[in-house]
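Let's start with one chain on its own, the form predicted alone, as structure tokens.
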């Protein structure tokens, strides 16, 4: 089996069509992107025992919120620890392992729901599934950057847009399956987890079988690297461990962390939030549609913004994200108070496009700053910022919301303070992006070691 999964086995020949790689990446990212649709399970999970309505022994929303947070935490941790392993064993082994973890995590979660044991769901979807998220997320990205050295932003956008679009499939599929399996004795969540686990496992395995890597020093036909590279785009390489010694890594860490925190807390509670902010005006089905719409803009933004960054530069792209994001987050509370559903949804959609664009542009930003040789491993370590944001964002939303409601605030107004905090975080991100400079030459790999492995 090790031979079947080895890098040598999946190294493509000289005439291989590189456009066959994006579908292989999408078959994984569209599956693991289901995490963005997890909020559709939140309300049904609060009445697993009561079925029609929540009983005292049912789980609270704050308890359920940790499922999503744990998944994002272990996404970041697994990506960080598996970065070097990915560069060593190649994407096929990593993607297959991701399929086993993510599909298996959903099956464990199904058992947890059936037995009403929250720790099993934490273990299944949070820990095991989260590891599947991390491994599946990073494995196609560095591969695509190597296949598309001429369009790094577009390449990462193609890979990561699938993760953003996963909820576009996962949200309506989850609702449809829960409706199909629901009965007087079941909310249908357990059966839905089981079916989706099997379907996602099959799709991710197909992607792992289809992936290929280019031969050493391969270049696209007719493409010649520019002798005068763009500003903030290096022709050198920085080793994974050496990258941690540079201020640029930590500035990018804060940039990603705050960009993600600002979006993930809202996205994780999108279904419940819009129903509460527009009480009586948004049905659960419409809220699921809202989640799907956010997913669509999340996905489109990943491709459009990252492709645009090939022309306007990564730093300028992030300036747009942080400036417009801070403005729109500041406007959301007043739009909710005015009952302006259309503008609220429109602003949220634009925010999600930039949120997704931030994810898709960061690997290309890393490749520009640190070179392409170790970008997979460096990207994995940077995703600890996502793990941090996976706790920070939902905690800000869930616990501030609950505290304000306990103090007598109406549910419709319980998100306002958090939205203003998110806007402030984006201002800090803007400042960190302003401080970005090229890496000092002392951190570059020497020519005699550039060809070595880890």
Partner chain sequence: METKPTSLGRYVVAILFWAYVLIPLAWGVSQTLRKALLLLH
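Values in this document were obtained by computation on a predicted structure and should not be read as measured data. Basically, rigid core = biggest C-alpha set you can superpose within 1.5 Å across the two forms. Numbering follows the first chain given and starts at 1.
Omitted from view is the form predicted together with the partner chain, to which the following refers.
Hey, in the predicted complex, is residue 296 touching the partner chain, heavy atoms inside 4.5 Å? So residue 296 counts as contacting the partner chain.
Even though the partner isn't displayed, in the predicted complex is residue 288 close enough to the partner chain, meaning a heavy atom within 4.5 Å? Contact with the partner chain, yes.
Closest heavy atom of residue 222 to the partner chain in the predicted complex, within 4.5 Å or not? Residue 222 belongs to the contact set for the partner chain.
Although the partner isn't part of this model, could you tell me whether residue 27 comes within 4.5 Å of the partner chain in the predicted complex, counting any heavy atom of the residue? Output for residue 27 is yes: heavy atoms within 4.5 Å of the partner chain.
Are all three of 14, 168 and 345 close to the partner chain in the predicted complex, meaning a heavy atom of each within 4.5 Å? The answer is yes; 14, 168 and 345 each reach the partner chain.
Specify the contacting stretch among 84-92, 104-112, 372-380, 202-210, defined as having any heavy atom within 4.5 Å of the partner chain in the predicted complex. Flagged stretch: 202-210.
Work out which of 158, 273, 354, 75 lies within 4.5 Å of the partner chain in the predicted complex, going by heavy atoms. The residue in contact is 158.
Using the arrangement in the predicted complex, list in sequence order the residues of 18-53 with any heavy atom within 4.5 angstroms of the partner chain. The stretch 18-53, when checked against the partner chain in the predicted complex, contributes 18, 19, 20, 22, 23, 24, 26, 27, 30 at the 4.5 Å heavy-atom cut-off.
Cα displacement of residue 342 between the shown form and the other one reaching 2 Å, rigid core superposed: Shift of 2 Å or more: yes.
Given a superposition on the rigid core, I'd like a yes or no on whether residue 119 shifts its C-alpha by 2 Å or more between the shown form and the other one. No, because once the rigid core is superposed, the C-alpha of residue 119 moves less than 2 Å between the shown form and the other one.
After the core is matched up, is the C-alpha of residue 79 off by 2 Å or more between the shown form and the other one? Moves: no, less than 2 Å.
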